[in-house]
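The data below hold one chain only, encoded as C-alpha cells and taken in the form predicted alone.
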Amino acid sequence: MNFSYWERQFITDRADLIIIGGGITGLSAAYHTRLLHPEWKIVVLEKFPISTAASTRNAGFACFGSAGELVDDLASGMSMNEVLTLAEKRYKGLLLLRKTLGESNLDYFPCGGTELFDFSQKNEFKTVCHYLEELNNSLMLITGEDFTYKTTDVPGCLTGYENAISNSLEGKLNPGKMIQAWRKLCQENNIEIYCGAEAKIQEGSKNVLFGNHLIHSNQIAVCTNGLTNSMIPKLKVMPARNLVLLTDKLPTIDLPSTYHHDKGYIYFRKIDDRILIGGGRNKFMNTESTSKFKVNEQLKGYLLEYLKNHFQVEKESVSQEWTGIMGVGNSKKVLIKRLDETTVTGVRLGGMGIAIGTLVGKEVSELLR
C-alpha cells in the first residue's frame, strides 16, 4: 500500500526503535522496551489493517500443550530437558500475559484441557500414559501442580473416542480482546502503532520502508513470526497455515473444557454455543507450508468429515472459516537473537504464540540497547 501525501504527514520518519509485527510478540516487545527505556521513541509497524497473521486468527487456546504433544516432541528427538524448558516457557509466558493485561481483558478462563484418543490409538495412549508420572513430577517443580496430566473419561456428547487425558493448565481466551488490550496498553505508554502496509528493511541501512514511507531507526526488532521468511530468508522460518471452522449454534453439545486430538494437530472448543474446530495440517503438510491465506478445500473437507464423524454435524452447519499463519522450523527453539548491530528477532513461535509470545517479546526487549 502506498500512502498519500496527506497520510504520510501522520507517520513519523524517525525512531529509536522500530518493531515490525503488531501481534502478541511485537506489542509485548514494545511495552517491555518502554519499561526499560522510557525516553525512546518506539514505533510498531503492522502489515494488516485489523488483524495479524496468527495472533487474532487462531482458536483462542492458552496453548500450554497436551501430554501427547510433549511425548511427540520426545519422539521427534528433543531431550526431556528441552521439552520441560519449553513447557516452562509456556507456563511463565501465560502467567506474564495474564498479569500484564488482566484476565478480564482477555476473557481468560482456566477451563483445563482434554486430550482425546480414538479406538485406533490404543498403543499411542499407552505410550503417553507411560510418561505421565515423569512429566507430572518434573512439571510440579515448575508449576507447583501435583498432577498436571491425569487419565479421565471421554465426554458423553462425543463419539469415536476411547480414552482421554486431562490437562489442568490449559485455558481459553478471546484473541481479539487480547490484541485490543495490548494496543491500548502500548498507546497509553506513548508507543506509536501504524497499520495497513508492508514493512521492508533496506539492506545495509537503518531504514525501513513502510509502504512508500521511509522511516529511519536506530534499532529494528523483527517480530513477524510466520511471515518472517519473505523478510529474512536466511533464518529459515517456514510458514505453516492453519484452518479454523465455526459452526452455527449447537446448544445441545456440552464441551466445558478445550480439546485436543492427534498429538494436538486437531483442536476444538465451544464458544457462544458454537463448535470452533481447527488444525489437521499434519495431513496436508506440503500444501499448508505457505503464507497465503487461501482455504485449502481438501483440508476443509477433512475437518468437515471430522465434525460429521465425532459430532454428527453436517457441513451445512458450518457458517465461518478463516486461516492463520504460524512460524515453524526444524527446531521448536524460538529465534530470539541479535542478527547484527541494528536488528534483533523474536520469531518461530511454533504455534505457541499465545502461551509464549508475551515472554518472547520481553526477552526481545532485553536484547535492545
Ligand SMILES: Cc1cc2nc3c(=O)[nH]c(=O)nc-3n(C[C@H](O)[C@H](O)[C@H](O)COP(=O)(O)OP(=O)(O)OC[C@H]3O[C@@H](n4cnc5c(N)ncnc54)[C@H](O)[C@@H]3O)c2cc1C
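Numbers for residues come from their place in the sequence shown, where the first is 1. None of these values were measured; they are calculated from a predicted model.
From this point on, the text means the form predicted together with the named molecule, which you will not see here.
Residue in contact with the named molecule in the predicted bound form (any heavy atom within 4.5 Å), chosen from Ala59, Ile336, Leu307, Val328: Ala59. Contact with the named molecule in the predicted bound form, defined as a heavy atom within 4.5 Å, holds for exactly one of Asn242, Ser168, Thr143, Asn163, namely Asn242.
The putative spot formed by Met78, Tyr149 and Leu255 is not touched by the named molecule in the predicted bound form; no residue has a non-hydrogen atom within 4.5 angstroms of it. Contact annotation: Gly324 falls within 4.5 Å of the named molecule in the predicted bound form, judged by heavy atom distances. Interface membership of Ser66, defined by any non-hydrogen atom within 4.5 Å of the named molecule in the predicted bound form, is ruled out. Put simply, Leu106 is far from the named molecule in the predicted bound form: not one heavy atom of it is within 4.5 Å. The named molecule in the predicted bound form comes within 4.5 Å of no heavy atom belonging to Leu17. Only one of 197 to 205, 123 to 131, 184 to 192, 154 to 162 lies within 4.5 Å of the named molecule in the predicted bound form by heavy atoms, and it is 197 to 205.
Within 4.5 angstroms of the named molecule in the predicted bound form, the stretch 344 to 365 places a non-hydrogen atom from each of Leu349, Gly350, Gly351, Met352, Gly353, Ile354, Ala355, taken in sequence order.
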